[in-house]
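Coming up is one lone chain in structure tokens, specifically the form predicted on its own.
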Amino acid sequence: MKRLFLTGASSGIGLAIAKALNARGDEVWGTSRDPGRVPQLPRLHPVRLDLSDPNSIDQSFKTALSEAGHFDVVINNAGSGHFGAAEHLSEAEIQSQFQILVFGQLQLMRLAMAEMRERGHGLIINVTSLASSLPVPFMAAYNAAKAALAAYTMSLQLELPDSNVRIVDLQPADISTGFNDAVPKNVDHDARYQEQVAKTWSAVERNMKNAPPPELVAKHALRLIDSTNPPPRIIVGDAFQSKVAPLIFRFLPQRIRVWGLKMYYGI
């Protein structure tokens, strides 16, 4: 039995991971801004966590750690998105995305690493996104924040090559969840973007509906947890998004990458 700290356990990918861990007997401290939304299951302990509040992050992790005694695995999964033209993103909107998707995650990671380094082993899984390398139009702050967390994760992998504290970058492609329903939209600033915004959102919704379920990510997360030598990065999604597109785009010049993504989203 492993003990895990999992953020964003009340919906989507986090909920799927929490249920999969619970089903096999692991003990999970699962977070949500509203802990009442975390399912009432044996060995699943609801924890209130607000990633926009550094004090909440510190208190939530330390309280959960005092109950658990130690964490074998910490999964940075919780997040949010924002949809709107990059040209018109406010400083507050950008700061909010980076606090939740980067600074809050890094704060949790530092807390986890301090405890794991003291014990000499542990696993941290940072759930970033394929959007870190293949950006979604009109989600610039989300794309950039996920890219920042992915780059920070790789930097730690470079700096801790012989450490028994493993850090993995788990990058979901499109996964069928309620993520889009919770994404705030700010699309009324500029009529010049209206057609592109409408086409992009239509493509995003279509891709989401046709995407694999979050249980696919949960299955891969459990494999990482059970591995004695997990890979530094994995991409999870359908065959095209998780294998074909990243391979092709890796060797293309930026001009062709931009053209290809525009074609993919119909803009």
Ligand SMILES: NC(=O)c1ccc[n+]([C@@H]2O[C@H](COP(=O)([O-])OP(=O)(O)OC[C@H]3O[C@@H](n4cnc5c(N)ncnc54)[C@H](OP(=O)(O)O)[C@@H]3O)[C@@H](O)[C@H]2O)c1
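Start at 1 with the first residue shown and count on from there. These figures come from a predicted structure and were not determined experimentally.
Separately, the form predicted together with this ligand exists; it is not shown, and the next lines address it.
Visitor: When the contact criterion is heavy atoms within 4.5 Å, does S32 count as touching this ligand in the predicted complex?
Guide: Judged by the heavy-atom cut-off of 4.5 Å, S32 is in contact with this ligand in the predicted complex.
Visitor: Would S52 count as touching this ligand in the predicted complex under a 4.5 Å heavy atom rule?
Guide: Yes, contact at 4.5 Å.
Visitor: Check D169 for me: does it contact this ligand in the predicted complex (non-hydrogen atoms, 4.5 angstroms)?
Guide: Heavy-atom contact with this ligand at 4.5 Å: absent for D169.
Visitor: In the predicted complex, is there a heavy atom of this ligand that lies within 4.5 Å of any heavy atom of T128, even though the partner is absent here?
Guide: Answer yes; at least one heavy atom of T128 falls within 4.5 Å of this ligand in the predicted complex.
Visitor: With this ligand left out of view, choose which of M116, I175, A144, A85 has a non-hydrogen atom within 4.5 angstroms of it in the predicted complex.
Guide: Of M116, I175, A144, A85, the residue with a heavy atom within 4.5 Å of this ligand in the predicted complex is I175.
Visitor: Go through M208, A198, L41, A68 and name the one with a heavy atom inside 4.5 Å of this ligand in the predicted complex.
Guide: Of M208, A198, L41, A68, the residue with a heavy atom within 4.5 Å of this ligand in the predicted complex is M208.
Visitor: Thinking of this ligand in the predicted complex, which stretch from 190 to 198, 150 to 158, 116 to 124, 76 to 84 has heavy atoms inside 4.5 Å of it?
Guide: It is 76 to 84 that comes within 4.5 Å of the partner.
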